[in-house]
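Next up: just one chain, as structure tokens, the form predicted on its own.
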């Protein structure tokens, strides 16, 4: 399987960790907004990342890819079968990809991705807007994070992966886990990122960051 997109993206990281949990190997491939690469655009016509090519089957959008992977490789399950648990897991996945990402990526894109990777000026007003939105989001997460275990029931799931991935991306702009302000969330995030699947992705991500943004690689 080819996985298109850089691990700086919370959406690409999400899929990479899911593949790691399933024990599925993948080959990283370049792609992203603004790309003119014909191979990438044949897989992702709207230049969305992540995208995959799995022996000729192509798909773009992280949640669609996760559902595909879950159906093809059902063990270990990352989307709960029980109705309420499944609803909660899908909610956290949606929350992480939309509400959380909408605010956090205003900061990342306008201070890092646009000016430093795409050669486009950032909009500082939008970055400040994202900063103003984050405290309410963080407070919500602290209120729903359990003292032990995972976000949904007793099992690690896509809920944990999606939300933790956005937190990891926010480290690059100074808004990662804050144990003083949000102790439960920080402890949960440490549990997530200690998993072998996450550690393997983090190693690849650090190597990538050392090449493209070396000053942020240790974030």
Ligand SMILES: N[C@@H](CCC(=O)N[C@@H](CS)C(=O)NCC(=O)O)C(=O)O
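Residue numbers count along the first chain shown, from 1. Note that this is a predicted model, so its numbers are computed, not measured.
Note that the form predicted in complex with the ligand isn't included here; everything after this is about it.
Every residue in the set 49, 62 and 109 has a non-hydrogen atom no more than 4.5 Å from the ligand in the predicted complex.
With the partner removed from view, the residue among 183, 45, 176, 33 that has a non-hydrogen atom within 4.5 Å of the ligand in the predicted complex turns out to be 33. For the ligand in the predicted complex, the listed stretch (7-15, 191-199, 20-28, 205-213) containing residues with heavy atoms inside 4.5 Å is 7-15. Heavy atoms of residue 133 never reach within 4.5 Å of the ligand in the predicted complex, leaving it off the interface. In the predicted complex, the ligand lies within 4.5 Å of some heavy atom of residue 105.
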